[in-house]
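First, one chain by itself: the form predicted alone, in structure tokens.
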Amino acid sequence: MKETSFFRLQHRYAPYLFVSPFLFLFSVFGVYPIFKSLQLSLYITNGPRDHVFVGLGNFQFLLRDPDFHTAVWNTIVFALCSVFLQLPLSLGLAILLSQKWLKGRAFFRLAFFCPQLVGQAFVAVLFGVLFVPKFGLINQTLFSVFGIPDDTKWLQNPSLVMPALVLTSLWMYVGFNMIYFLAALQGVDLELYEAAKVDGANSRQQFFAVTLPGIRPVAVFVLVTATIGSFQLFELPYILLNNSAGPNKSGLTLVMYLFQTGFVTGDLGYASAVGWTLAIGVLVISLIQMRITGAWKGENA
């Protein structure tokens, strides 16, 4: 009888025992920092110990902070470029590299994906050299092909900093998102293309009637994750612009502004307010994207 009760207790509490290490670590390094940052957002701090309660004062100051507005604008511009340039290029590459007539497809897939393996810090250092006036490969190429002066100062010109960041991110992430689209294209039923051809559909009509509906779940996933990743941009501009926000703060992003406020200025409370504003903003944008694309209920886009 006692053995039966013991085995019942064992079967009842054993699952909780196995998941307890994860729950403990998640509580210490996940739940606690979240609530602590929410608490900090209600204070003005000068280091980790000196703090004054201001309630929602940090959030109210955000509305008047010109640097925050600059960071929001730069981040939105970068995110829009990621969505409207990066994703179509990734899809186009995926369609091209899924064609059976193309030789060396495996090599090209690896080549386009490789930039993702080295990380943002390495890519920033690499493109810092490529953007060098006169001697940089990008300036030399633009001069040879289009006749653009080779002394263009990409990272010193406020109007060229964002194009430089977008160009760098394209090189790094187009191949990464291409892999998702390649996997999605392989899941589209080939019989649908045959049926579309029988109905007289041309290549463009097949793309919109068969390909896009077939890859829609993956496309929504890539859209949402690319947007979230764009709003988390930090290492790439920070290192590429030599640990600064660039001329006239043209490369200042929201996460960079959070870092500067919290760990350079020392106001962890205001940095927490920036972080929570960013988190809520990304959540709202993601929900809107999922709503528009019908991802919640499996609706057709």
Partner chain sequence: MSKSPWARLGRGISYFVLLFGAILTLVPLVWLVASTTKSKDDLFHYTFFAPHFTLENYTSLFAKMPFLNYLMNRGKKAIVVIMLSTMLIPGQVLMAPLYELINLLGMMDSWRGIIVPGAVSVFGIFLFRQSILQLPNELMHAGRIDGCTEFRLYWDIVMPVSRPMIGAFCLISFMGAWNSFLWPQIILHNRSLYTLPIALNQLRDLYNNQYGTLMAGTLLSILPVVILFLVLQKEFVAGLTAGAVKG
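None of these values were measured; they are calculated from a predicted model. Residue numbers count along the first chain shown, from 1.
Omitted from view is the form predicted together with its partner chain, to which the following refers.
**Q** Decide yes or no: are Ile34, Leu97 and Cys114 jointly within 4.5 Å of its partner chain in the model of the complex, with each residue judged by its heavy atoms?
**A** Per the other structure, all of Ile34, Leu97 and Cys114 touch its partner chain.
**Q** If contact means a heavy atom within 4.5 Å, which one of 205 to 213, 188 to 196, 71 to 79, 120 to 128 is the stretch that engages its partner chain in the model of the complex?
**A** Residues of 120 to 128 come within 4.5 Å of the partner.
**Q** Closest heavy atom of Gly30 to its partner chain in the model of the complex, within 4.5 Å or not?
**A** Yes, Gly30 sits close enough to its partner chain in the model of the complex that at least one of its heavy atoms falls within 4.5 Å.
**Q** Given that its partner chain is not shown alongside this chain, does Ser272 nevertheless sit within 4.5 Å of it in the model of the complex, heavy atom to heavy atom?
**A** Yes.
**Q** Determine whether any heavy atom of Phe84 comes within 4.5 Å of a heavy atom of its partner chain in the model of the complex, and answer yes or no.
**A** Phe84: no contact with its partner chain in the model of the complex.
**Q** Taking 4.5 angstroms as the cut-off for heavy atoms, does Ile239 touch its partner chain in the model of the complex?
**A** Yes, Ile239 is a contact residue.
**Q** Find the only residue in Ile179, Val224, Ala201, Met162 having a heavy atom within 4.5 Å of its partner chain in the model of the complex.
**A** Answer to the contact question: Ile179.
**Q** Can you name the residues of 92 to 111 that have a heavy atom within 4.5 Å of its partner chain in the model of the complex?
**A** Going through 92 to 111 in order - heavy atoms within 4.5 Å of its partner chain in the model of the complex - the hits are Leu93, Leu96, Leu97, Trp101, Leu102, Lys103, Phe107, Phe108, Leu110, Ala111.
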